[in-house]
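For reference, the chain that follows is the form predicted on its own, supplied as structure tokens.
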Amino acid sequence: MWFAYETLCVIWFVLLGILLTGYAVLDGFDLGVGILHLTTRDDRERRILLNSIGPVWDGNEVWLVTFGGAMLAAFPNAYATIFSGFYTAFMLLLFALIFRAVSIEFRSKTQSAIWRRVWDIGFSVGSTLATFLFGVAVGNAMIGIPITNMEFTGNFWGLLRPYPLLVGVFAVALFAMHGAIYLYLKTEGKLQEHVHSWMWRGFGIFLVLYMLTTIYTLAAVPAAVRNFQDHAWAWIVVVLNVLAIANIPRSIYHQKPLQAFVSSALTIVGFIFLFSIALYPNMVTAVDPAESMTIFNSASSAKTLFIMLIIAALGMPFVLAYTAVIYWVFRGKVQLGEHSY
């Protein structure tokens, strides 16, 4: 075996973080488009929003599927505990994601205004609910859930505590801002002018919730900065994350939307990193720290982790190349055509 067991566990923790980051950055903007969908003024604008993400939204969600599959194979005990504990929440999440996808595909099948309105609502509500539930999950992972002997001992309503709910609302604001900046890149004319106001409003709401969430985290989750004492270099990421956030309004003001989008993406990357380092070495944080499931006591065998690592090393370059090609091919402004949504 080329790697020690502990090293393999850490490698797969990092790889899961990379998959989660890819999903949050890529699906984050199309979830944001869905959150903003009902703020449009007419049917044509709603079609443009749908077509801005039409070629990429389903590919973006592959990152989430891959994350779930990798977690099942690499950390099966943690996977079982999380999915049994969050069963109702995950069913709601799947319903939101499925209904959102169906709304995208079904909306333009007929010219009926009522038909389209129903699917418009489904698309927006599904996007907002999915994003909110992702944030609630992150909040619970930070603050801890009741676990005894690797089994969840709480209930669904116990997951809806103030801190996770705040993180859920923060996630909605973050993705809405990210989606607005993306739309500015993909639209033109009066719609682009309208989107410009969304960017400023989105950033303002995001900034307020960012400060509230940060203060609440430092006050209610002291373990969040535990690892920063042993890894002082991680504070560099905190500084870079703040600089990325500060560059968003600067880029918007100077009419540099691509730079604003990159800054928004880097902001999300920074948040995922900070979440991961706050969580490490836990996969599932328990209310009682002694019951927490770590990357070492919840992982698969060394042989399984090593074989998976070989498969990942062979497959990831193709995934990244495919993603890059798709975004290159469908670059530029949205143009409505005969086969558009």
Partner chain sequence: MDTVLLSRLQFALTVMFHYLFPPLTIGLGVVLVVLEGLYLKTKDLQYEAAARFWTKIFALNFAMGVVTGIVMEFQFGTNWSIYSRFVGDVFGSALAAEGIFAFFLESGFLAVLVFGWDRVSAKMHFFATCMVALGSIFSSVWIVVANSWQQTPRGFHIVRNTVGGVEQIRAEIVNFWEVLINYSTVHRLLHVWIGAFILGAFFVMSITAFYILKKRHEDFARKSFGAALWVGAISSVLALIQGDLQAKNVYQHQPAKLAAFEGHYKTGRGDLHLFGVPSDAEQRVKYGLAIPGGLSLLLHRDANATVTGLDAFPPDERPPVLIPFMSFHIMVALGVYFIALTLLALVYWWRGTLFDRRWLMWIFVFSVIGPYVANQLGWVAAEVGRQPWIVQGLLKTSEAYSPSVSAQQVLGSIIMFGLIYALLFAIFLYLLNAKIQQGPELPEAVVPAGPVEHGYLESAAQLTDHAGESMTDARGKLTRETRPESDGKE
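Residue numbers count along the first chain shown, from 1. Predicted model, so just to flag it, every value in this text is computed and none were measured.
Heads up, the form predicted together with its partner chain isn't pictured, but that's what we're talking about next.
**Q** Heavy atoms within 4.5 Å of its partner chain in the predicted bound form: which stretch in 197-205, 176-184, 124-132, 74-82 meets that?
**A** Of the options, only 74-82 has residues within 4.5 Å of the partner.
**Q** Considering non-hydrogen atoms and a 4.5 Å limit, which listed residue (102, 237, 243, 165) is close to its partner chain in the predicted bound form?
**A** Checked against the cut-off, the match is 102.
**Q** Would you say all of 58, 70 and 311 touch its partner chain in the predicted bound form, counting a heavy atom within 4.5 Å as a touch?
**A** So, yes: the whole triplet contacts its partner chain.
**Q** Hey, in the predicted bound form, is residue 109 touching its partner chain, heavy atoms inside 4.5 Å?
**A** Residue 109: yes, in contact with its partner chain in the predicted bound form.
**Q** Mark residue 304 yes when one of its heavy atoms lies within 4.5 Å of a heavy atom of its partner chain in the predicted bound form, and no otherwise.
**A** Contact with its partner chain, yes.
**Q** So, in the predicted bound form, is residue 279 in contact with its partner chain at a 4.5 angstroms heavy atom limit?
**A** Flag for residue 279 set to no.
**Q** Does at least one non-hydrogen atom of residue 275 fall within 4.5 angstroms of its partner chain in the predicted bound form?
**A** No.
**Q** So which residues in 88-120, when you check its partner chain in the predicted bound form, have a heavy atom no farther than 4.5 Å from it?
**A** Contacts from 88-120: 88, 90, 91, 93, 94, 95, 98, 99, 101, 102, 105, 106, 109, 110, 115, 119.
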